[in-house]
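Encoded as structure tokens, the following chain is the form predicted on its own, with no partner shown.
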């Protein structure tokens, strides 16, 4: 097992962008884990200048490297604390989405027949639902909150993973090792989870990394449109506050840092997925 992991890491580190993506993601993860200790101020506290005046929309300075908002709140502290929401929603949604999509793809591809038809028609219906409008409507109905945001993302995002895994399983189930497992009396569930899962797992990891980026973008979009949890500080809510205050053009330091943070974290997921795809598809290593 250790030798296999070392082999996978050797393949992964050949992709420089993949390593860069992993470093960026690790940095954001560490920031999120230690956010309460790294944030110099309470993200919701209205601050004052040394002369006692209100620190309203101050540009970047030594005291406030990312400046302040119209309410005198420190943007750096908000960006640091907001990383927790982005990663919590992103990682939770990505893993649940991949789990659901992988299992649907495995069952549909392996059993075929009416089960395959039923699951793939369900997938077609989900494909016909526009992603962001559905998420916004669902969150508006259920109410703002991280749990409802994650539910909205998961209900839509599994569709691509399911289709790709199903296609892979349709090929794998014709292989000799699956026939040999059937002849030895292995049950369908054992064949699926003992023999098929290890072969589709690298592909599932590719879509986990991709789903991470989509989930972060969706959460930021929902918060930016005003449907996020008002009790939490997220990157999308920071942008929403700047937009409502009509400071998008006047205070670049208010919108730049959270926008850059979203961009870097989404890019890291894409870069990681490229490197994992090389593990999943040996033909890419030969190029």
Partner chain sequence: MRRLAQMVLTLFVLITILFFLFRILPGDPLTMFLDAALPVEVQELVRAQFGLDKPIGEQYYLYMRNLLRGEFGVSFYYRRPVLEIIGDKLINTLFLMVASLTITFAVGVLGGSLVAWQRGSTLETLAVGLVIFLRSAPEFWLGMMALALFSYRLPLFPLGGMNTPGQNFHGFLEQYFSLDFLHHLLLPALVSASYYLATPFLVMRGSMIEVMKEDFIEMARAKGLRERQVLYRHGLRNALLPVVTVLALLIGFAIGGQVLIETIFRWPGMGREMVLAVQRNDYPVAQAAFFLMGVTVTFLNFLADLLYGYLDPRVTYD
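Positions refer to the first chain, counted from 1. All figures in this text were calculated on a predicted structure; none of them were measured in a lab.
Missing here is the form predicted together with the partner chain; even so, the following discussion is about that form.
Undergrad: When the partner chain is placed as it is in the model of the complex, which of 244 to 252, 22 to 30, 56 to 64, 39 to 47 ends up with heavy atoms within 4.5 Å of it?
TA: The contacting stretch here is 244 to 252.
Undergrad: Among 141, 189, 115, 180, which has at least one heavy atom within 4.5 Å of the partner chain in the model of the complex?
TA: Selected option: 141.
Undergrad: So in the model of the complex, does any heavy atom of residue 266 sit within 4.5 Å of the partner chain?
TA: Answer yes; at least one heavy atom of residue 266 falls within 4.5 Å of the partner chain in the model of the complex.
Undergrad: Looking in the model of the complex, any heavy atom of residue 136 within 4.5 Å of the partner chain?
TA: It does: once the partner chain is placed as it appears in the model of the complex, residue 136 has a heavy atom within 4.5 Å of it.
Undergrad: Hey, in the model of the complex, does residue 233 get a heavy atom within 4.5 angstroms of the partner chain?
TA: Output for residue 233 is no: heavy atoms all beyond 4.5 Å of the partner chain.
Undergrad: So in the model of the complex, is the partner chain close enough to residue 127 to count as touching (4.5 Å, heavy atoms)?
TA: Contact check for residue 127: yes, within 4.5 Å of the partner chain in the model of the complex.
Undergrad: Taking a heavy atom within 4.5 Å as contact, would all three of 227, 259 and 262 count as contacting the partner chain in the model of the complex?
TA: Every listed residue reaches the partner chain in the model of the complex, so yes.
Undergrad: Between 209 to 236 and the partner chain in the model of the complex, list the residues on our side with a heavy atom within 4.5 Å.
TA: Counting only heavy atoms within 4.5 Å of the partner chain in the model of the complex, the contacting residues of 209 to 236 are 214, 217, 220, 221, 224, 225, 227.
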